[in-house]
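In the C-alpha cells that follow, the same protein chain appears in two forms, which are kept apart as structure 1 and structure 2.
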Structure 1
Amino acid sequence: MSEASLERGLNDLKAQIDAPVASFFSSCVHCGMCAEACLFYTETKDPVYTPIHKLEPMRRLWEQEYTLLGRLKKLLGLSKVVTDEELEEWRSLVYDSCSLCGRCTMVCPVGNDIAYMIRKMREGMSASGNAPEGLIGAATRAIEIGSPMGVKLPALQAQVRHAEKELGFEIPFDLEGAEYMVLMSSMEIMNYPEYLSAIAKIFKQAGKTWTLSSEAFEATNTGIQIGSSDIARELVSRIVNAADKLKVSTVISPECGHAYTAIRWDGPNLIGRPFDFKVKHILEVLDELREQGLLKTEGFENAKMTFHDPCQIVRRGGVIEQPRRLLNMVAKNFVEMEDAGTMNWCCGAGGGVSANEDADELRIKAFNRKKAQLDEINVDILVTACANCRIQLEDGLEINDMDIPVVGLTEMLAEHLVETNKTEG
C-alpha cells in the first residue's frame, strides 16, 4: 500500500473513534476478564484472542491522537506507529476470531461495550480495504443481487410453489395492508425451506394476514458483519421501503441473529428516522400468538432436548423467556445447558465468521465450547432459532461424531399444531 493509501486507511480508522469508544479505552482497567468470556480464547488459550487485544491498533491510534501522554510518546518515538502490515495482521483477529456475540461486554467490570468497539474497528478496517475477501464478496452480492448467497427472487418463488403444493393453500406475495411482512434469510431459503412452510401453517391457524415482499425478502445484513454502515443502511432501506409500500403493521425478522440486530436495533439509526411499523423476531410473534390463545398445539416430544440461545437474539436482543415458554408447549423433557440464557456461549459462527473462509479452522475449534456444554447434559435433540447457528451446530456435531439432530423451534411448533378442523371445532 502506498503512503497516501495508508494515510487514508488510518484516517478511516481514526474516524471511528467516537465518544463511546474513547471513553471505553479511557476506562479499561486491563483486567483480562474479557478473555475468559471469549470462546476463541478459551478454546485456544492464545492470548492474542483476548477481546480487548483485538482492538490494539485502534487503541494506539486513540492514545497517539487524543491523549497528551500518547502524543508525547509518539513524539519521542516510544509509541509504535500503526502500519498497513499491522492492519493486515489484525484482520484475522478482528474478523476471524470475533462473532460479535457480546459475551465479553457482559463481564467487563467497568461496563465497556467491547462488541461495539469491534464493530467500530471493522468499520475502519473495511473502509481502509482490510476486510476478508469472503465478506467482501458476500457484501457485493447483497448489494448487486439482493442476497449475500446470491439467492434471487425466482429461487424464493420456486420454494413458495413447492410449499404451496405441499400445504394446499397460497402463500401471499406483495399483499398490501397485511399485518405481517415476513423476512427470510438466504440460509433458510436454500438450507431450511421447512421454515417457510411452518410460518404459513402457523399464520393459517391463527387467522393472521401476512405477506412476503418480492422487492425485499432478504433479512441478512452483511453491512453489519463486514463493518460498513453505508451497506447496512442500503440493505435496511430496502426493507423499510417495501414495508412502507405494503403498509404492513409489523416486519418479522426470521431465525437469524444479525438480521434481527440490523433491522430491529440498528435500523432506525441507520436511516435516520423511526419506522412506521414494528419490528419483531419470529419468536416474539409466536409467543404473542401463544398468549392470545391463537397458537394451539397438541402432543409432546418425549426426547430429551435443550435450546441453544443465539447471541444476537438472546444476549443482545432480550428474547430470553419467549423460546422457553414456546418449548414448554411441546417438550416434556427440556433441560438447560450450563450458562444458558443471557450468558450462553456462542456457536462460533456469527458476525460474518461463517462467511469468512479464512476463519474455518478457528471456527470449528471454537465449537469445542458448545461441545463441552452438550457433553454435560447428554441430550437427544438440540433446538435453536437461528439458521446461521444451525449450520454451525450441524457442522460441529458432524465433525465431532455427535449424533444429535438440530431443529428450528418454529418448525417444531408447526409440527405440533392442532389440525384446522379441531381448531374450528
Structure 2
Amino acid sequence: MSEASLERGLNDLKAQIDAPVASFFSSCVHCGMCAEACLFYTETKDPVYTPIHKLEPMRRLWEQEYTLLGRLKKLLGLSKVVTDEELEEWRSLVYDSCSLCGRCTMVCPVGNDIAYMIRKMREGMSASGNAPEGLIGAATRAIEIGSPMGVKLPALQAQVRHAEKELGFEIPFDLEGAEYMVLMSSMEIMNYPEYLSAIAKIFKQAGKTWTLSSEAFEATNTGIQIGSSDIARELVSRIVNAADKLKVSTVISPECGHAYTAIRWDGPNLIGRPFDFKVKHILEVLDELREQGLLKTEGFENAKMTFHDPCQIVRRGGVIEQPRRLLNMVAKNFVEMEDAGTMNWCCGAGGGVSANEDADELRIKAFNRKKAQLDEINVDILVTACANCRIQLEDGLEINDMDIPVVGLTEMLAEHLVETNKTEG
C-alpha cells in the first residue's frame, strides 16, 4: 500500500461521502435500534458496539465538510476535528466488531445503510494507516503472492492432481472458450478441497465445459475487507483479465461470501466498466442446472439439517431461494433457523473479522448468537455455502462442545449425484 497518513485518510474518506451517506447522516435520530440488530452488541451488551456509533468520525467529517453550519463551526474553531488518535481508537469498532453483515441496514427505521457506510469508512481507515495488522498482512500477501493465505498455484495444482486421481478424469486448466471459469477461495484449496471434486463431478454430469485459470484462481478480495479500492481493483482485474483471455461466458464465485460481493457487485464499479461475462455464485449456477434438469440427484439425507445463510450471499447479494431449492433435492428433514434468509444472523467472522487476530475474542463471543439460533432447533447437520462461515462455525461449535458437523452445500449435492455415463463428453 502507498504511504498512509491522516491527511490521505481524511481525503479518501471525504471522497467516499456521497448523497446516500449525507442523507443517512441527516436522518439518524439516535434511536439505538441498530444495536439490537448487531451480534457484536447483542452478545456483549456493550453500547460502544452500536453500529451507527462506529461511524462517528465519518459523521463529523461529513458535517464539517459538507454542511454549511458544520463549515461555519469549523471556521470558528467550534468543532472537534478527526485525529489520528481517534481513528486508532475506532479501529476496533470499524474492523473487529463489524462483519459488514448488513443486519443493521435492514432494521434502521429511517433507512440508513450502515454497512454501506462502514465499507466507506474503512476506505479512510486503511488510507490513514489505521487498519488492523492482520488485514494488512492478508492484503499484502494477496497482492504479492496472489492469495491472502499465501496459497500459490503449485498448491492448487497439487490439489487438482489429488482430485483427478480420486475422480479418474481430468480437471481442465486454462481451457479457452469454456462456458464457466471456476474461482476458488484459499480456504477451499487448503481446508475444503472436496469443493473442487464436487464441482468437477457436477459439471461432468451436466455436460458443461468449465476451466480453472492458472492466472486467476483466487476469488477472495482482501481489498474489499480492509477498505482499499486500489487493492480491490487490482485483485478483481486479475480475474477479469483471465476471464477475458479465456473467453468464458460465466465466472463462478465459490462458496464464499465477500468474494461474491467483490466480483459480482463491486467488480465492474472497481474497474469502471461492465464485464463482458456474467458472474454467478455457485449456488445460482447449481440452481440453474437443477432447473434445466442437468443436476440429477438420488437418495435423501435423513438427518435433521438447517442452512446458515452467508450474509454477503443473501442479505447483501440477493441469492436467497436457490440454496433452499437445492437443499430440498437431497434433504428430507430441512428446518429453518429463526429469522432465516434475508434476516439471518452472521456467523461472526465475515467482513475481514476472521483475518484479524485482534478480533479473535470478540469473534468467539459473537458466535453465541448463532449458537442460540442452533440451540432452538436442535439439528444434526449444519449446511452452509461459504468457506469462511464454515471455519468460524466449526470453530465456534467446537469451543462450545456442540457436536454438529458443518457441510458445504455443493459437496452435499455432489454426494447425491446420479451416477451416469450418458452425459459424458
Partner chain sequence: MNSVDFLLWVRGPGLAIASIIFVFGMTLRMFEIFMLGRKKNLAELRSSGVKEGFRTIITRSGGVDTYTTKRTMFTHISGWVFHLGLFTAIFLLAPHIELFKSFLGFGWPALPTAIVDLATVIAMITLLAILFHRLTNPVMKFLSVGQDYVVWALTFLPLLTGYMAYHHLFFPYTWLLGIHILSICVLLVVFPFTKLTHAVTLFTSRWYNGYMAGQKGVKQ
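Given the structure is predicted, the values throughout are model-derived calculations rather than measurements. Rigid core: the largest C-alpha set superposing within 1.5 Å between the two forms. Numbering for residues begins at 1 and runs along the sequence of structure 1.
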With each form of the chain shown alone, which structure should be assigned as the form predicted alone? 1
Would S97 and R8 land in one rigid part between structures 1 and 2? no
Quick check on the domain motion between structures 1 and 2: what's the rotation angle of the smaller rigid part, to the nearest degree? 13
Angstrom shift of the Cα atom of K73 between structures 1 and 2 (superposition on rigid core): 4.5
